[in-house]
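Just one chain is shown here, as structure tokens, and it is the form predicted alone.
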């Protein structure tokens, strides 16, 4: 078994404090264990600061995804592009991905990476014909490419696509819609006032679609924040991104409540994700909420979201969003076509509540992901392909 050595000075120079140095040492200790201590690596990826640097991510991400780095597939060849049904769409999406590359990168270097990005995507799709490309997939793939390089990225993305991302890669968006349906029940458990306001506005969940299917890679401008979230998501349950989406909404709860209670206004507010979020605090709260309200406890409420069929949760809106119609335009049209009825609004606002003070206290918990991290790790380790059948009716 290969033995890993920590980078000198922790890779961060003289200001690399003792706490970070200690974490680096613990990560390499877990990597050098026999067998490798994957549970410890998951805890390190979840806890404050995540995996700290790309040099460590190159070693730990494969372990989190159970990818054997000693047996990587050969690099894909250009023949993949011949008569490939996805090639033109992938090409268009990759050409539009300029902002996903570091600012100031020379054009020839960026163009070379874009070619590699196309090849990785087509390679994974060819090897897994059950998977279907979706717009936004390239935002996830480019993150892996920039961190670990093309060959390892190909292996990691293939494993990720057949596990964490596979529901997004079905022929239809049904499972993606089901996952989004967990957003409102999570918010309801923590802040019923915000939940009811959003229900009254009939804003639905389309504003969070790009967050979910790109693991926030498409909407965050700072690459450091993107890879920090990827550390977290790779170490956790596949539904953790929707919990993180919920805590972003809850973090902005006062802005939401101060907004006009109509679909267009609330959607516009929420779709403009702030870039200065307190990421470590939100990660901690997302882990907290997962422990307090695991998917099994929310499955019934998530199923009811579809039954209510608010304007923004109908499949027609998802079809429109998937072909890159402007979501705010779509929602305004829907809002004009289907005005809220007074009786429906009244029934939402007068919905009986029980034990709310206990639930409202949850967001005040900002743990250092000790016990919470252990519970999240345990659920991630126990997750299996049967997961989809267990929670999605």
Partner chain sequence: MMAAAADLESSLELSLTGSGALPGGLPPARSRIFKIIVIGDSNVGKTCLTYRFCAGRFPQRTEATIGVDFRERAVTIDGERIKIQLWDTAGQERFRKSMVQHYYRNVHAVVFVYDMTNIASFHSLPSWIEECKQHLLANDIPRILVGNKCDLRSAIQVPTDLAQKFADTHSMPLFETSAKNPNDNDHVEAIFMTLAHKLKSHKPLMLSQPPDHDEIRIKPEPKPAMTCWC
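None of the values given here were measured: they were computed from a predicted structure. Numbering follows the first chain given and starts at 1.
Not on display, but discussed next: the form predicted in complex with the partner chain.
Review point. Out of 151-159, 119-127, 165-173, 297-305, where are the residues with a heavy atom within 4.5 Å of the partner chain in the model of the complex?
Key: Checking each option against the 4.5 Å cut-off leaves 165-173.
Practice item. Considering only heavy atoms, tell me if residue 267 and the partner chain come within 4.5 Å of each other in the model of the complex. Key: Residue 267: yes, in contact with the partner chain in the model of the complex.
Practice item. Report whether the minimum heavy atom distance between residue 111 and the partner chain in the model of the complex is within 4.5 Å. Key: No - in the model of the complex, heavy atoms of residue 111 and the partner chain never come within 4.5 Å of each other.
Point to revise | Contact flag, residue 133 vs the partner chain in the model of the complex, heavy atom cut 4.5 Å | key: Judged by the heavy-atom cut-off of 4.5 Å, residue 133 is in contact with the partner chain in the model of the complex.
Check your understanding: Would residue 115 sit within 4.5 Å of the partner chain in the model of the complex, counting heavy atoms only?
Key -> Close contact is absent here: in the model of the complex, residue 115 is far from the partner chain, nothing within 4.5 Å, heavy atoms only.
**Study point:** Listed residue that, although the partner chain is not shown, lies within 4.5 Å of it in the model of the complex (heavy atoms), from 242, 234, 213, 256
**Key:** Contact check passes for 213.
Exercise for review: State the residue from 195, 228, 81, 177 whose non-hydrogen atoms include one within 4.5 Å of the partner chain in the model of the complex.
Suggested key: Partner contact (heavy atom, 4.5 Å) among the options: 177.
**Study point:** All of 25, 68 and 287 with a heavy atom within 4.5 Å of the partner chain in the model of the complex
**Key:** No, because 25, 68 and 287 lack any heavy atom that approaches the partner chain to within 4.5 Å in the model of the complex.
Practice item. Could you list which residues of 251-288 come within 4.5 Å of the partner chain in the model of the complex, counting heavy atoms only? Key: In sequence order, 260, 262, 263, 264, 265, 267, 268, 272, 275 come within 4.5 Å of the partner.
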